[in-house]
Each structure stands twice: as C-alpha cells, then as structure tokens.
Ligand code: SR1
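The chain below stands alone, shown as structure tokens; this is the form predicted alone.
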Amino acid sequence: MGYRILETDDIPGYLHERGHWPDVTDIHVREVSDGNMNRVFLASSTDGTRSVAVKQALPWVRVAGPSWPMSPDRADAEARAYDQIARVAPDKIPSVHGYDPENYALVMEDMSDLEVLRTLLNEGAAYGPDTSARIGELVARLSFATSDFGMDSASRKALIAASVSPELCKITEDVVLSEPYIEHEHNHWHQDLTDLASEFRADTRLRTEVADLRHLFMTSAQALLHGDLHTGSIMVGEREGTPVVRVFDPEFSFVGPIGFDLGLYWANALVSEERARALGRLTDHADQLRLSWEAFEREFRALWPTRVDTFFDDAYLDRFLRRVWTESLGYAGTEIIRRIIGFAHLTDLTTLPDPVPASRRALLLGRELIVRRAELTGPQEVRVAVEQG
C-alpha cells in the first residue's frame, strides 16, 4: 500500500487493521503532537479501559512542513532503540505494542497519565528521590549491553551497521557541536547575551575543545545511545502509589560515545537548577548529576563480571569509567551552550521573568565543563564550579 500520512480520522481503521483495536465504533482519537518532528495521536475506548498512542514520523520537520524535508527512517532507529532497551530496562520505557515500518508508525503505551519532567520542573516541582538514579541505571544497562563488553563482536558489528543514522547525526554534529561557535543563521540569543556569544566564537581554546568532542561524537562507536536524552524526553508520575519514570523519543539513537547521553541529561539538570535558583525554588536540583552518575557507575560495575571479553580487567574498567565521566562533562557543556546561543532554546530559561542572569551563569558553567573537564574529577568538583559561577 505504501507510506501514507495518517490523519485523526484514519486512526480507528488503522488500529483495527493492525490488530490493535477490536471495535472501530468504540474509539475516540485526538491528536496531541507537540514536538518538532512527528505526529502523535491518543486513542481511547468510551469507558476509558483501553488506550494506546500512535506516533508517526513525517517526511519533513512538522513545524516547518515540506520546506524542511527529513527522512522518516528515524522511526526505524526509535523502534530499534526501544527493542534494545526493552531487553535490559523494560520498566524505564513505554511498552511498544507494534511497529509498522511501511508507515514509520509506532503503536505504544498511552502515557497521558504521566507528566513531562521538564514541565514539572518548570512549575516548581522537585525531581524526587529516584528519577536521576533510574536514568543513570538505564544508560548503564543499555550502554553495557550494546558495547564490546556486553555483546559479541559479530552482533556488535551488525548493530553498528543497522544503527547508522547519518541525517540525524549530522544535525547533532552541526546544531550542538559546531554552529554555536561560529557565525550561523541558526543561532540566536537574548540581546543582553551578545557579549558572551561573541566571546565564545572568538575563544580558540573553547573551539578546540569542542572540536575534540565533535570528533569523538563522529568516531567513537562505544554503545547504542538514546541520542536526545533530556528532561523533555522523560515522563514521570505515580501508578498505584509507585513512582514511574519513562524515557521516550529515542529517534536520534545511534552507536556513539556513552558520555553523550549522560552529558545531555546533566546539562538539562544543571539548567533546571539555574532556573530554580533564579526563582528562589531550589530543592533537590543540586543532587541530580551526582545521583545519576553514582547509579550509572554502580550499575556498570555490577554488570562488569558478565563481560564477554575478560581481557578487559578491573583496572581497565576504572580507566574506562574515568573517561566516560570526563567526556560526559564535556558534552554537558556543549548542550548547555547550544541551548542558550544556538538554534533550539530551553523553556527553563526563556520563560523566566528575566532570563539573562541565569543564562549567563549557565553559559559560563558550560564553558567550564568543556575546557576544564579533565580537572573536574568528581561530582563535588562540579558542585564547586556551579556554586562559584
């Protein structure tokens, strides 16, 4: 039949055809698309006992239309990532009921009873005791299972080949890891940050360090990544009195440096802290980098005895984890900077009554994390850098 763009009225028949819904007369559908890339529909029964979400990748950027074409193949990467994560951390992603590669559409768990973490934080909520630890555990389990430590060589090579995502990787290479440091039409910033934007473009040390991180991103095939792990791709809440954390939208997934996922999450946690500080709402924000790293390291070390190649000894594990820590800090810095003077900004800062002071602090911290990443040897050193900002 070929690829067709689904509309709201198509969803009942589509779900019935795919075997996800028995009665097309007992279904209510609404579109809840919110991001830049895809369309999302929620389907529910009249009595509310059955519900699913349908997510379809469009052949262009949704907010721009056909003038900005984008391959819908990213849905293949998302489905592949969900499949891999489901093997090691099924409780940390939405349940996937089926993937339709012809129409680049996923049918999955309805998470409308949960809240996007960024939204809650912007409203003044705390992270809660488990959120960051669960993110650290997820990254550890996924990265170990899809690395040369957890996967045999032939399977690893097949995963790398299947997970190549040149179009989306190019977006990251440009939007995150080069454009903010050069004159580019994508960049924009608050007018009162023009001095820092100019200083960063003229900062040869900063540019060289970012070039190092960019090259690492382009060449280091350590493990399968989520690829866009920020507070806007995490949903939280409670079900039957139990805290729930769900990571979603892994369409930027590819095999790359483990520190990239951790760094993106840390950047968003640090920016949320700057927002909370500006509003006088600081709660547990300062603990999140430490909690996620400790959980990551603890889980990775717990998995280490199961490694497929024991030539890698415990001393090498220590060296490897130190390298992941350092690289994560660098990527955290690049994510902070690009979210303030690059293409896509964070509502954490843009919705502040006066975004400039918090944005300046965050920009300067981002630079510190990049150029001093080798000196900041643990969470306490990062905490000192944050407090001195």
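Everything numeric in this text was worked out from a predicted model, so none of it was measured. Heads up: residue numbers just count along the shown sequence, starting at 1.
Although not depicted, the form predicted in complex with this ligand is the subject of the following passage.
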The one option of M37, I27, L352, L364 with any heavy atom within 4.5 Å of this ligand in the predicted complex is M37
The one residue among E115, D228, D130, E109 placing a heavy atom within 4.5 Å of this ligand in the predicted complex is D228
With a 4.5 Å heavy atom cut-off to this ligand in the predicted complex, the contacting stretch among 228-236, 280-288, 94-102, 192-200 is 228-236
Requested in this report: May I ask you to check whether K55 falls inside a 4.5 Å heavy atom distance of this ligand in the predicted complex?
Outcome: no
Exercise. Please run the contact check for F343 against this ligand in the predicted complex: heavy atoms, 4.5 angstroms, yes or no?
Key: yes
- [ ] Please run the contact check for V175 against this ligand in the predicted complex: heavy atoms, 4.5 angstroms, yes or no?
- [x] yes
Open item on the list: Taking any heavy atom pair closer than or equal to 4.5 Å as contact, tell me whether V61 reaches this ligand in the predicted complex.
Closed with: yes
Applying a 4.5 angstroms cut-off on non-hydrogen atoms, the residues of 313-339 near this ligand in the predicted complex are R338, R339
